[in-house]
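So this first bit is one chain, no partners, the form predicted on its own, shown in structure tokens.
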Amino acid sequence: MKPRDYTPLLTELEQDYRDHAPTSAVLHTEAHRSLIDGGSHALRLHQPFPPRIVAAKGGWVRDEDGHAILDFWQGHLANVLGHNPQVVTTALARALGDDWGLQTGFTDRLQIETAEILCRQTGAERTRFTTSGTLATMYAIMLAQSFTQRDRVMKVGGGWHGAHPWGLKGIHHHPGRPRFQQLDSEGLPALLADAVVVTRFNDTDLLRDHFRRHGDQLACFILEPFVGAGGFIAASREYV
């Protein structure tokens, strides 16, 4: 059967979208003058252009063209209280008004209190805060390598663990190549291809096989309880 050509339909839908959000379209063009790809996070830059948001409250956001958009994403599902919840904004306003909300580079009492809550809720002995998920996973891998004196890392194909070298293999499937076995960025050392072992999500038998073959070389196995980048696919209890 001859494949259908969807180009006319996609062209029509793109034009409808541009007519629907002309201000966001113009701003996207302007953004390309000073921002790589027109923004700072590729996942949020869906084509042909993302809506530019001017306000957010609870489950809704409003774009530059005045459209109310129901937000099911909620910051990678991190906004469990929704956008700008009053319990948070009130505390932030009070902190900023008391001149201690943006003392960047200094330690304070709040760090200690937050760490105590985190350790109590998770059972961790101690914690360290970072400024991004990429740094958190990179430090965790480096800590594991230092502790085990091993270099290799195992991860799940299709999983996203940050924009550091050990995370940038096996994110995407490249057609015509071994599944999830390619480096996903230029500028990475060639040796990294062998340093990262990619296993298949929810395949317990393959996971056991990988541990049998590589276990004495692995510093760690990094995974999510669900593959967020792959469509929020949950892990089985056996696999975890």
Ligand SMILES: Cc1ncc(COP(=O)(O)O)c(C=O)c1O
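All residue numbers are counted from 1 along the displayed sequence. What you see is a predicted model, and the numbers here were worked out from it, not measured in a lab.
Another form exists, predicted together with the named molecule; not displayed. Remarks below refer to it.
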Might Ser132 be said to contact the named molecule in the predicted complex, defining contact as any heavy atom within 4.5 Å? yes
Any non-hydrogen atom of His161 within 4.5 angstroms of the named molecule in the predicted complex: yes
Contact with the named molecule in the predicted complex for Gln145, defined as at least one heavy atom pair within 4.5 Å: yes or no? no
With the cut-off set at 4.5 Å between non-hydrogen atoms, does His76 touch the named molecule in the predicted complex? yes
Based on heavy atom distances of 4.5 Å or less, which listed stretch (147 to 155, 133 to 141, 90 to 98, 117 to 125) is in contact with the named molecule in the predicted complex? 133 to 141
Of the residues spanning 206 to 240, the ones with some heavy atom within 4.5 Å of the named molecule in the predicted complex are Glu224
